[in-house]
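Only one chain is shown below, in structure tokens, and it's the form predicted alone.
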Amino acid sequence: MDSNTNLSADKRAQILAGAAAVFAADGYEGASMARIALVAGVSKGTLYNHFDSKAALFTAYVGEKCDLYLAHVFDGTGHEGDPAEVLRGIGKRMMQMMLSDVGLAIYRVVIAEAAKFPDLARGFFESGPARAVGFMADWLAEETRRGRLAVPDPAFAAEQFFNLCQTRLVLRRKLEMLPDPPETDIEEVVEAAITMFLGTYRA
């Protein structure tokens, strides 16, 4: 477990940046704490003083990135404006997160190691996708309570929306079958997702 009670914010960021580079290059199993310490510019002793295992370090790295990205994705998600406009913001920001270099690197490491290290995969799912679905489901439930949407299963509908937004772009990008898509392509996919989603769930 991360025991970094005395770790300064700068030192923590330094260690996590080093860990990110090594995990992305070597995968989880191939990464060593010694190499992470070297890349981060800290001693192994300092590293182990604050993160007592590689699993704890990876979990802290993923958790921090998920906190940062999810706060951005759901920033300003209220119930005053048009539901389509709120969905537009969530969809675009979610796509940008998934297609970012960091988002892709984390996903690839987790997928590569999921069979051997299921706890890491579970931790990633709970820190990222499950939390996103929870935030979205809460918003959909409140919109339904207010009579603006009619969503009988908010958690199911949340997953539907996120998957609709991934059409055409995300899997191909994860497989390196296309370069970073332009903003116009992301907007086109999100608009189609909103049209289909509201066609089912608008009150």
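What we label the rigid core is the largest C-alpha set whose atoms superpose within 1.5 Å from one form to the other. When you see a residue number, it is the position in the sequence shown, counting from 1. As the structure is a computational prediction, the values presented were derived from the model and not from experiment.
Not on display, but discussed next: the form predicted together with a further copy of the same chain.
Checked against a further copy of the same chain in the model of the complex, the candidates A34, L175, A150, L68 yield a single residue with a heavy atom inside 4.5 Å, and that residue is L175. Residue contact check for V110: one or more of its heavy atoms lie within 4.5 Å of a further copy of the same chain in the model of the complex.
Although the partner is absent from this view, G89 stays clear of a further copy of the same chain in the model of the complex, with no non-hydrogen atom inside 4.5 angstroms. Proximity of A21 to a further copy of the same chain in the model of the complex: non-hydrogen atoms within 4.5 Å are absent; the residue sits far from the partner.
When contacts are judged by a 4.5 Å heavy atom cut-off, L164 counts as touching a further copy of the same chain in the model of the complex.
Shown here without its partner, the chain carries F125, R168 and V189, all of which come within 4.5 Å of a further copy of the same chain in the model of the complex through at least one heavy atom. The stretch that touches a further copy of the same chain in the model of the complex, counting heavy atoms within 4.5 Å, is 153 to 161, out of 139 to 147, 58 to 66, 34 to 42, 153 to 161. With contact defined as any non-hydrogen atom lying within 4.5 angstroms of a further copy of the same chain in the model of the complex, the contacting residues in 14 to 41 are E29, G30, given in sequence order. In a rigid-core overlay of the protein, F135 has its C-alpha displaced by under 2 Å between this form and the one not shown.
Note: L120-K54 Cα separation is 3 Å or more longer in the model of the complex than here.
Compared with the form shown here, the C-alpha atoms of L104 and L70 sit at least 3 Å closer together in the model of the complex.
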